[in-house]
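Shown below, as C-alpha cells, is a lone chain in the form predicted on its own; questions about how it binds or moves come after it.
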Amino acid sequence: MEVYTMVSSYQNRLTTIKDQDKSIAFVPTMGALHSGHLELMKTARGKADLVVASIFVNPTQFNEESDLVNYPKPLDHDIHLLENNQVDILFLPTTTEVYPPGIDLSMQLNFGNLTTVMEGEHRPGHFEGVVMVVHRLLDIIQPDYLIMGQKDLQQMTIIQSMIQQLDLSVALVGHSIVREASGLARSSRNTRISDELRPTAPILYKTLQWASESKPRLSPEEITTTAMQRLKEAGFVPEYFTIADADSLMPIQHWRETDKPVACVAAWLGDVRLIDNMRLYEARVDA
C-alpha cells in the first residue's frame, strides 16, 4: 500500500493513474477503523481499479473540543487493516495540508432544511465542516466513486446535494449499515462505551426495530414520543428520535406524507454519543 502525506506527492501519483486511465473509488475516514469501514473498502474494490482511503480527523466538524481530543486514533492498527484489505493508496494528510493557511475553503451552497434538522439542530456548524472537508478531499483525490456508510444518513444526503449543486463528476455509493451481533451500529465511538454500559447500547437498535414493527398501528408522533421515553428509561439521554422523509429529512406527522419514511435517532450513553437509523419502507431494487 502506498502512503501519501502531502497533496503534491499524491497528485504526482494521480497524474500516472489518469494517464493509465484507471478508475478510483475513494473511502474517506477519520480512522479508528472497524469492520464497517472494511465493508466500505470491499465495495470500493468492486467499483474501481484502485481503492484510495484517507485518514483525517477533521477538526472543523467537531462541536466539542473534548470530543476531538478523545476521538480514538490507533494509526498503526488502522494502517495494518488497510494493508490487509486491498487498499491501494492511503492519503494521510496533516491539518495544514488539508487546510492551507490563508486559503478560504468555506462553501456557499444552499442545503435548505437538510442541515437544520436532526444533527444540524444539535450540532450547529457540523455539516459546514463536513461539506468543506469532503469537497476538499474530493478535489485532492479526484475519484470516480465516493463510498460512504448509510449510518450517517443525513451526511450522505447532504453530500449528495453538494455533488449535484457543484455538478461534480463523482458517483456517491451508499453502503448499508454494518452492525455488531447485538444490532448496535458499528462506529469508531463504540470503543469508548464502558463495560458497564455495553449491555444497554443495543437498546438503541431494538428501539428502531420496535418503531418499524409499530408502524402499522401507531402514528409517527406516537412512535416518536414512546421511543424517546423507552430510551430514557433504558438509561440513554436522547437528543432526538425522528420519523422523517428519507429524501428531505423533514419530520412527518402522518404516514401518508411520504412513501419513504425513515426513523433516525441520536442519544448519549454515558459520555458517548451514538446515532443510528432504520428505513421503514421496502427499498426498490434496480435490475
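What you see is a predicted model, and the numbers here were worked out from it, not measured in a lab. Don't overthink the numbering: it's just position in the shown sequence, from 1.
Another form, the form predicted in complex with a small molecule, is not on view; read the next lines as being about it.
Mapping the unseen interface onto this chain, S187 falls outside it, with no heavy atom inside 4.5 Å of the small molecule in the predicted complex.
The small molecule is not shown here, but in the predicted complex it comes within 4.5 Å of a heavy atom of T29. Put simply, N85 is far from the small molecule in the predicted complex: not one heavy atom of it is within 4.5 Å. Under a 4.5 angstroms non-hydrogen atom cutoff, the small molecule in the predicted complex has V134 among its neighbouring residues. Comparing 173-181, 90-98, 74-82, 145-153 against the small molecule in the predicted complex, the single stretch with non-hydrogen atoms within 4.5 angstroms of it is 145-153. For the candidate set V130, M162, I140, L208, a heavy atom within 4.5 Å of the small molecule in the predicted complex is found for exactly one residue, namely V130. This chain lacks the partner; the member of T258, T224, T43, Q61 within 4.5 angstroms of the small molecule in the predicted complex by a non-hydrogen atom is Q61.
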